[in-house]
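Given as structure tokens, the chain that follows is alone and in the form predicted on its own.
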């Protein structure tokens, strides 16, 4: 598969700053204390920057916060707004020349699949459920659940989410799937097919229905630190109207979707101030959310590789992995599939964005239609 590299239409380029550099991958151990200095290679305690430099950094983050989730289009009779809407639609149509719709390109996708075995990976928020003001209300519809259940009966299927694994399971509530929470730092997957662990240690366990599974948690030694930071961050932003904390077990999310734009800078300064004492943690940015994660070389792309290996599909040439996601954290998975040149990503977005995905879908409704088309194609081809 030849993946495209050019992009000629207007895009939103939301490059991701971080506050620390990644370190080596850790294997699972029982958490008993905070990570030792050896677990945070290449990290040093953050030294406060000179005033002007610090202000430049804060301004960069502020611009990113404002651009991270464009305002929804609203019904209006105002001619100016109509013109702007038409311009956005034109930009989107131009963008899909480089990122064609997975629906209109489905015949091409089915030709690529041929007789290959498909492996399907799905983000949750913004992909299977709509983005909502209150993260606790991000419920998937019964129709979407039925579509996911159907494809999971035909292909190996996994949900890879920034949410905690338990939380995303409660939302999806399907035992036919594999689940990776905390951006892949908490994976419940199949018992590994190979005896070579490649340095990856897992815990053998059983799921709620007694099925034997492996648990892989590469950041387990960070749990006490994450708990401590969650409490400090909660205390730090509690007086900012609209700020909402979320404990995702191996990462902490600070949502500012309902925060007044004038308070964005305050949110950033409060969060970054807390993290100054934690060089083993880094700050990343998603859709109207700050996420605090351990500094380890592990992400959604690594989770895809891990699950493919666990399923015995990693070294097989007759496998076509497909990853569907909407967020910057999903780009790590898109990059892995693009680099291997044997699978592809599908970006869920209603606005133009730079991406390592190959195809696009506009919203969760189109995701559901794509899943139904995949299932129908599989059943017809067999």
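Residue numbers count along the first chain shown, from 1. In this text the structure is predicted, and so the values were computed from the model without any measurement.
Although it is not shown, the form predicted together with a small molecule is what the next lines describe.
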Listed range touching the small molecule, judged in the predicted bound form by heavy atoms within 4.5 Å, from 248-256, 94-102, 110-118, 275-283: 248-256
Within a 4.5 Å heavy atom cut-off, is residue 130 in contact with the small molecule in the predicted bound form? yes
Contact with the small molecule in the predicted bound form for residue 287, defined as at least one heavy atom pair within 4.5 Å: yes or no? yes
Answer for residue 186 alone: is it within 4.5 Å of the small molecule in the predicted bound form, judged on heavy atom distances? no
Is the gap between residue 293 and the small molecule in the predicted bound form 4.5 Å or less for some heavy atom pair? no
Exactly one of 124, 268, 179, 306 comes within 4.5 Å of the small molecule in the predicted bound form through a heavy atom, and that residue is 124
State the residue from 152, 311, 138, 240 whose non-hydrogen atoms include one within 4.5 Å of the small molecule in the predicted bound form. 138
